[in-house]
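Take a look at this single chain, the form predicted on its own, given in structure tokens.
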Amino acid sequence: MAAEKIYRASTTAPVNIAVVKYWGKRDAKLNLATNSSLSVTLSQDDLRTLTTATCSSSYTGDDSLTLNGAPSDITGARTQACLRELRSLRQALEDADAALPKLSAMPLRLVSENNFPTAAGLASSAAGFAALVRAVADLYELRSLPTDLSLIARQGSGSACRSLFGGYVAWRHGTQADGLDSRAEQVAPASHWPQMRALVLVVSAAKKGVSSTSGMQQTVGTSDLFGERVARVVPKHMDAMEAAVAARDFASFAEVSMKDSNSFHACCADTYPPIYYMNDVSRAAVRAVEAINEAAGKTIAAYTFDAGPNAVIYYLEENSGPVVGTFYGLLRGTEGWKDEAKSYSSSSIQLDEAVSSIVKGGVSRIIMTGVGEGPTKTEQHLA
């Protein structure tokens, strides 16, 4: 008897780092944000999730997920919501064409791997859910646009909706109760401003003490600053950031990035009890960026911090010398530097001794990357 056919599709998806932050939900079940956000998609050469989705009538039992080599629970409401919607779209195709194989009725086997630390403030869930949704959509041969798939990925992880696009991406928070207008869209492709670079200082690969999901709901419920951020700060920052990207104006991009990061973390500190995602190493990285800009006589570097201690420092390729050179001078023995970093060592800017000492002692890994493309279908399949 012939073996039953196994249907397969594999997709890679990128990490995105927001420069105007998403924090807080107006509907926790649907993952509807209280405010819009805007991110830069980072290159998959350096940060990506690879997911292979298979299904077959020979499979028995429930859907399963293997993440980074270990079984992972997918019975949670978020993952189930994504799979349910994708199956519904596939079933609609099957209902319209009786000749199509009934993939929607078959168990799914999902295998996923990250090439970066999971749950360490590096947007692993965003890349993970974007890869999952795109891989299953490809498996099911859905003809959905990335904006439509963003509605599904958002239910798994809010920021995952932005990882369905490359370049510069906005998540419009929307106002409808059903969430159908809470979706992502590309503001500009990577090719619009390809000179954007990012240096990630991995401060801790340990799992966060307070998860993003828990933290943001605490902030919504207890922070007095949060209402001001949602009503006035973020709309102002969104307008300024979209204008900065359109004009390729790095100074404005940097100012909004740093101000919005500060605003987000101020709301976390204003939460009761307070939440501190940044630590002493994070704050030393801020001082280092300030020193680099002061020495340059203009703004050539911008820091931003998500819900974790890792510093993401944006800069343009033309300013690699002083930005990369300064951190390479401090951290040349740290894992992750690309060979090109060595050529910038003579451009190092002298930092305050205390700042230098804290950065040297607290950074465990470097990631050099830049703006990149969205999900990519691949023939590289995971077992």
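Note that residue numbering follows the sequence shown and begins at 1. Remember, it's a predicted structure, so these values are computed and weren't measured experimentally.
One more form of this protein should be noted, the form predicted in complex with another copy of the chain, which is absent from this view; the next part is about it.
- Among Leu142, Ala269, Val220, Ala291, the residue placing a heavy atom within 4.5 Å of another copy of the chain in the predicted bound form is Ala269.
- Contact with another copy of the chain in the predicted bound form, defined as a heavy atom within 4.5 Å, holds for exactly one of Asp73, Asp97, Asp224, Asp239, namely Asp224.
- Heavy atoms within 4.5 Å of another copy of the chain in the predicted bound form are found in one stretch of 273 to 281, 104 to 112, 155 to 163, 127 to 135, which is 273 to 281.
- The closest non-hydrogen atom of Asp352 lies within 4.5 Å of another copy of the chain in the predicted bound form.
- For the chain shown alone, Glu255 is a contact residue for another copy of the chain in the predicted bound form, at least one non-hydrogen atom being within 4.5 angstroms.
- Another copy of the chain is not drawn, but in the predicted bound form it has no heavy atom within 4.5 Å of Asp181.
- The closest heavy atom approach of Ala307 to another copy of the chain in the predicted bound form falls outside 4.5 Å.
- Remark: none of the three candidate residues (Phe327, Ser357 and Lys360) comes within 4.5 Å of another copy of the chain in the predicted bound form, counting heavy atoms only.
- Although another copy of the chain is not shown here, in the predicted bound form the stretch 249 to 265 places heavy atoms of Glu255, Met258, Lys259, Asn262, Ser263 within 4.5 Å of it, in sequence order.
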